[in-house]
Ligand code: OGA
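Starting off, we have a lone chain in the form predicted alone, written out as structure tokens.
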Amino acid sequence: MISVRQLHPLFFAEIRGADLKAEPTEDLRSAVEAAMEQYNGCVVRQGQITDEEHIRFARLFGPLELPPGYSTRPRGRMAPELFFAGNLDPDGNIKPLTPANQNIAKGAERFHADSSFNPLPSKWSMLRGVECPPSEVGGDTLFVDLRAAYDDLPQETKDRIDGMTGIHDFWRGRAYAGLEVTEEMKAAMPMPPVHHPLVRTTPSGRKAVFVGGHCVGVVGLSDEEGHALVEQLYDHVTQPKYVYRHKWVEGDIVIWDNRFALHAATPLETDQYRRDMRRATINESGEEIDSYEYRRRKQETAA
């Protein structure tokens, strides 16, 4: 029997009783879809599962966005369909807590929506805690509900942003966050900006204000004015009353809707503990493909 319990006054819930080791059922799919529509984020608690079971569960809800270079990734300690987040190197050893490694991690510490800088139609992220350090040393994940934040906007702000389009740019977002960005980095990983509405609507008709760390401006406004507007909205949506803090238990699978929620990592200020987190990213539609290959095909078609 699947049960759902709300964890935050505004959103986020815990799902128990979902057997992810068994062949997925329509009842499981519909129960999770309903919980996500209502709560915008959920943690499924049932203990450890394999990468293959994780992927099978994710595919219930749409096609996967595959990691960059998926077609050439070796099948090593982690299934190539999954994205990795944590403090381990490819051989499974803890990376030392150096300034360089800390700088790389800082990009995830600003609230953002996964893949908003990609042209693929992102739906959900599904992050699994394989190895989790104690919460008191760091590594929690924060979530904000963009629906509740939109509800509380002044009506004049709602009227102003309705119909506006945000500019999502991976590299400019990192630069605005104070992280190092070089021309060599941009050349090695070209990421042209993409556009998303500043106001998005859930399937049930609820509105959400869609900003985040990758949203750097607004179509039709100057760089300065557009950036100022999205920063004003960012400050609003990240107020503490909209934030749920997830303290990880090994085996947790946390699901959030990238269209209507943001998330941020909290720093892990030690290299004495292992952190192994694996994520499936689910798209609304389309084939299973990595975003770089998708961009390349679109460019070839346009040429």
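Don't overthink the numbering: it's just position in the shown sequence, from 1. No experiment lies behind these values; they were computed from the predicted model shown.
The discussion below concerns the form predicted together with N-oxalylglycine, not included here.
Exercise for the section: Check, residue by residue, if Ala108, Ala265 and Arg275 all come within 4.5 Å of N-oxalylglycine in the predicted complex, counting heavy atoms only. Expected result: Yes, all three are in contact.
Problem - Contact residue in the predicted complex, chosen from Arg279, Arg16, Arg295, Lys21 - any heavy atom within 4.5 Å of N-oxalylglycine - result: If I apply the 4.5 Å criterion carefully, the residue I get is Arg279.
Practice task
Heavy atom within 4.5 Å of N-oxalylglycine in the predicted complex: which of Glu231, Glu131, Asp140, Asp151 fits that? Just give me the one.
Solution key: Contact residue from the list: Asp140.
Practice task
Pick the stretch from 140-148, 160-168, 186-194, 70-78 whose residues have a heavy atom within 4.5 Å of N-oxalylglycine in the predicted complex.
Solution key: It is 140-148 that comes within 4.5 Å of the partner.
Problem - Leu127: touches N-oxalylglycine in the predicted complex, heavy atom cutoff 4.5 angstroms - result: Within the cut-off, so yes.
Problem - Residue contact check: Phe260 to N-oxalylglycine in the predicted complex, 4.5 Å heavy atom - result: Output for Phe260 is no: heavy atoms all beyond 4.5 Å of N-oxalylglycine.
Practice task
Answer with yes or no whether Tyr39 is in contact with N-oxalylglycine in the predicted complex, where contact means some heavy atom within 4.5 Å.
Solution key: Although N-oxalylglycine is absent here, Tyr39 would stay clear of it in the predicted complex, with no heavy atoms inside 4.5 Å.
Handout entry: Leu179, heavy atom within 4.5 angstroms of N-oxalylglycine in the predicted complex
Key = Leu179 lies outside the contact set for N-oxalylglycine.
Problem - Residues from 49-86 in contact with N-oxalylglycine (non-hydrogen atom within 4.5 Å) in the predicted complex - result: The stretch touches the partner through Ala85 alone.
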